[in-house]
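One chain comes next, on its own, written as structure tokens: the form predicted alone.
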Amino acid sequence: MKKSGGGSWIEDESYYLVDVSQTGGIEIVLTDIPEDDYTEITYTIGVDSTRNVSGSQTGALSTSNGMFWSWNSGYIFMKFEGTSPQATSGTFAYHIGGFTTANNAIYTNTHQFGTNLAITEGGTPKVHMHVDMKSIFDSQYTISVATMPNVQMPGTNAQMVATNFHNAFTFDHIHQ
């Protein structure tokens, strides 16, 4: 997060596995943020190249989470699956990953708060974000489950889905 007086705070070991199928919203709790005023947040959607080639890991990057391609030695950083009468098989599956130059599907988002987010002792401020899942299908690229029901490897199609997913995130407001 960018500090209002300059500089920034970066969380160590900042990988999170987020299940957006949960109703009522999702809460990611960041701890040990130094007291200060912050003006924006930056985060990456994906797994960086170093961690992608480091094999089995723990926490959010544990292979037990089902987000690692053992055949490709890399991480899936977005899974989106469902049913649709438009899909020829009745189902669709998007398992998105890829980190090499030609197949890079990793994105970094930055959102400015518009007002300072004050981190103080005993405070519990909250940053509210929205994710428009419809944007996976209709954002920068139009994606149809009828013509592209299955993306489960790095490449151009994965990059298009990742681009749309990156565009799905918006900052809404903060609570002090």
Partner chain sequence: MKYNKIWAVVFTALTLLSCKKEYSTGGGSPQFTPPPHFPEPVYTFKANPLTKNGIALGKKLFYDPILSADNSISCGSCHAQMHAFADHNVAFSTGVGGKLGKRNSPTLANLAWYPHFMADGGINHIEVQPLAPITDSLEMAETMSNVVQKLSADSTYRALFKKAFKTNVIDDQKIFYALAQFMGTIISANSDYDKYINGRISYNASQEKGLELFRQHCESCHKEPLFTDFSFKNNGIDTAFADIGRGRITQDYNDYGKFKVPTLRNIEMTYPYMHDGRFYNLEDVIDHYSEGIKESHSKDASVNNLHLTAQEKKDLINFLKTLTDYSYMSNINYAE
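All of these numbers come straight from a predicted model, not from anything done at the bench. Positions refer to the first chain, counted from 1.
Below: the form predicted in complex with the partner chain, not depicted.
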_60, 26, 53, 118 - the one with a heavy atom within 4.5 Å of the partner chain in the predicted complex_ = 53
*Only one of 124-132, 104-112, 141-149, 45-53 gets a heavy atom within 4.5 Å of the partner chain in the predicted complex; which is it?*
45-53
*Quick one: is residue 70 in contact with the partner chain in the predicted complex, heavy atoms, 4.5 Å cut-off?*
yes
*So in the predicted complex, does any heavy atom of residue 99 sit within 4.5 Å of the partner chain?*
yes
*asked:* Residue-level question: is residue 153 within 4.5 Å of the partner chain in the predicted complex, judged on heavy atoms?
replied: yes
*Mark residue 64 yes when one of its heavy atoms lies within 4.5 Å of a heavy atom of the partner chain in the predicted complex, and no otherwise.*
yes
